[in-house]
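So this first bit is one chain, no partners, the form predicted on its own, shown in structure tokens.
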């Protein structure tokens, strides 16, 4: 979720870079930095936390002549949020900023260290600048050295690099991570990872394609494609609407956040998976010493991820697990014993009810853990340990990618504990890790699927309510699907265990009761199917979500065949998110800012 800016020109480079980074704050970050090359001299500044800290560090620094500059806002993936880990990263005479993942960084780093290169940070990005400088030792041409560097990188990247001796050039490369360059009539060049920093500065922009690399000078933009063929830039007019630009062409932030779940889950998994074990450097295995119970406490969507986690902890880790609604737990005089690990879950880390339960657990002497999206939040500071979800900033009030990344973290954590306690054999853990690697694929939104749901949504704008039903960990997903629909469409919806319908709720069944049935192939399919048939027999309107055709359904959303129910879980999660979105859009509601709700609930 990092952001990149770059500038080549005669204006106040520092201010242009800082203003550009401000426009990227919506993407989320925990540190920031800039590097400026003028008259063949570098000036570099980094700060942890908000941009105001970087502004304070640079307040006495002025650039009033030609310069090239690069800037970056970082969301920690490799290494904690520190100044050393913040971008730009430095070599002996060069600086680099980078978004994405260098998948072969470990082997590149080892090779460079064997040559005597000293690394300052824990990041994958630093290998780029050192690799470039090693290539530059053997080449008289900086661009040739940059080209050779890019050819050895594996993974996703958007890169800007500046080096001494080339104080009128910015080198760039793009593969998998977005980046564009903008121009104006003053021969200035502006780089960014999205449109917003360029609005007001540029008239036209070129969006780089995967495999593009090259350099810019005051006179020209030189682009080579993935086949090493030089091509001309393809300019398009730049939008003047900053809010629209932040949405990257999507109608709503919620829609954008549903689509980017694949990318943020990659960030969640980054550095935490080996072939046969889960690596959670943030926590010490001693956290689980003497623990006989895990108690999960949260509100809203985070409560649903906690419910999902309870199935995994008991199934995989064989640890007794209970789940609490934070607003209730606070007041019921709960019994808390010191053999319990108390886990709180919050997107913001500031949710008032959940924060108070964490304080209660600390005062009772329990070990505590927080699953959170925001480093340095109140919960992260108070808890004994924390695992960050790395979802990036979430602007839509109705949570989507925060839920997805929380469930991924819990899946990893349940396997981590399973290895500690020997409750799963090595072969099964390796199999589960292989499945985790497939999650980003399972949440990719297919255009045909979205279009099918959009067309189907027009039939679900009335009636007297919705039942979302599922069994096992698809029950928490049913609760989450119902909550999404309630939040943004204002239609009544309930999540229910499929097997509980006959214990009362089936009395509501009629054609105006819409049942959204989650029917995974690999988890209790026949039992769930039987429950849905009971509703169908009473003339309820059935929308089945399943990879298997269900002939008693009035509507059917076919998901892809998957090898495991967890992958089915994540694909169905996307389906219910989009269904809620499209129903809300048809009703004319503000999807991103539903009535009566706030993004972070900091009152009781």
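These numbers come from a predicted model, not from an experiment. Positions refer to the first chain, counted from 1.
We do not show the form predicted in complex with a small molecule, though everything after this point is about it.
With the partner omitted here, the residue from 300, 91, 476, 392 that has a non-hydrogen atom within 4.5 angstroms of the small molecule in the predicted bound form is 300.
Residue-level contacts in the predicted bound form: of 125, 308, 498, 347, one residue has a heavy atom within 4.5 Å of the small molecule, and it is 347.
Checking 518 to 526, 194 to 202, 116 to 124, 477 to 485 against the small molecule in the predicted bound form, the stretch whose residues place heavy atoms within 4.5 Å of it is 477 to 485. The small molecule is not shown here, but in the predicted bound form it comes within 4.5 Å of a heavy atom of residue 351.
The small molecule is not shown here, but in the predicted bound form it comes within 4.5 Å of a heavy atom of residue 399.
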